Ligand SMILES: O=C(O)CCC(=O)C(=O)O
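Only one chain comes next, encoded as structure tokens, the form predicted on its own.
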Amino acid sequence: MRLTEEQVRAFREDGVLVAEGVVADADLAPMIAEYEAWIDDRARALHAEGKIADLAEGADFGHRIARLYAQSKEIANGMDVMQLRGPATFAFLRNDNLLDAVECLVGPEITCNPIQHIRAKPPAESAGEGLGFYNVPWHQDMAVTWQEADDSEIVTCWLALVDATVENGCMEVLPGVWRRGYLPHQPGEGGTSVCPEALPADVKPRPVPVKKGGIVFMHRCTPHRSTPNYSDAARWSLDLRYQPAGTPTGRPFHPEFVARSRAHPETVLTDHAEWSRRWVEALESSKGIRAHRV
């Protein structure tokens, strides 16, 4: 789905854009089915080890992993994009509806940045309300890349795989703050975060709920955070980044690939086995490398 001129202007002005209905249910179905199958296999393995008593069969995509997570947090181990490396997920990274929207922001020559995450944010009842992998503090995505990418027009695409609401922990953003550039960050509980004294006091946080298939597009300098999930189901999301081809990714030790090229379509990576091989090699060779700049 291509963005309108008004939407592009809003992104340029605020550094954030909520675009509903970018991808259809049919676009997401293969990837969701891939994760449902993986979760089922993982649940049965944990059940055989005596770590899960109730397989929660019959529960939907959001409720099943929430019920499993409440029994064993190990259910989420190994499910991130670069760990599972599923063929349907790889295919989705080149989804036409997704890239049509991205092209409106970065141009027709598009690289898929190697920062790629899928998250099933569990209910606070089982995950806790403190900071952590699921409840991240205020940060800019620029802070989790090396300085080589400071001038790269990297656009974050936060895609909802189920409806993201204020209740289940949608993101909050500080609109317009991207204009102030990179803010000092520090390591700490929940991960890299903006130093408290650097957070602007004159900008009110904006919740950005979005329905399944919608995307929150963010500038690399837009501060954002995640809040606790007070529903009874997991809030599934996919966190991707795209940028103009040929520009530094800020993660030179992890594999990028050309996702779309109008000028040189033969450079687009469509081989799942090759993508997977690159990740296996990179994860091994990059052990011990500090990914964030602080």
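Predicted model only: the values in this text are computed from it and were never measured. Numbering starts at 1 and runs along the sequence shown.
Note that the form predicted in complex with the ligand isn't included here; everything after this is about it.
Novice: With the ligand left out of view, which of Val194, Ile75, Val102, Met171 would have a heavy atom within 4.5 Å of it in the predicted complex?
Specialist: Of the listed residues, the single hit is Met171.
Novice: Quick check on this chain: which one of Arg94, Lys212, Arg85, Arg119 has a heavy atom within 4.5 Å of the ligand in the predicted complex?
Specialist: Here the answer is residue option Arg119.
Novice: Using a 4.5 Å heavy atom cut-off, which stretch among 94-102, 204-212, 150-158, 182-190 contacts the ligand in the predicted complex?
Specialist: Going by heavy atoms within 4.5 Å, the stretch is 150-158.
Novice: Report yes if any heavy atom of Ser237 sits within 4.5 Å of a heavy atom of the ligand in the predicted complex; otherwise report no.
Specialist: Although the ligand is absent here, Ser237 would touch it in the predicted complex, with heavy atoms inside 4.5 Å.
Novice: When the contact criterion is heavy atoms within 4.5 Å, does Tyr134 count as touching the ligand in the predicted complex?
Specialist: Yes, Tyr134 lies within 4.5 Å of the ligand in the predicted complex.
Novice: Consider Thr249 of the chain shown here, and say whether it contacts the ligand in the predicted complex, taking contact as heavy atoms within 4.5 Å.
Specialist: Residue-level check for Thr249: no, no contact with the ligand.
Novice: Taking heavy atoms and a 4.5 Å cut-off, does His219 contact the ligand in the predicted complex?
Specialist: Because no heavy atom of His219 falls inside 4.5 Å of the ligand in the predicted complex, the answer is no.
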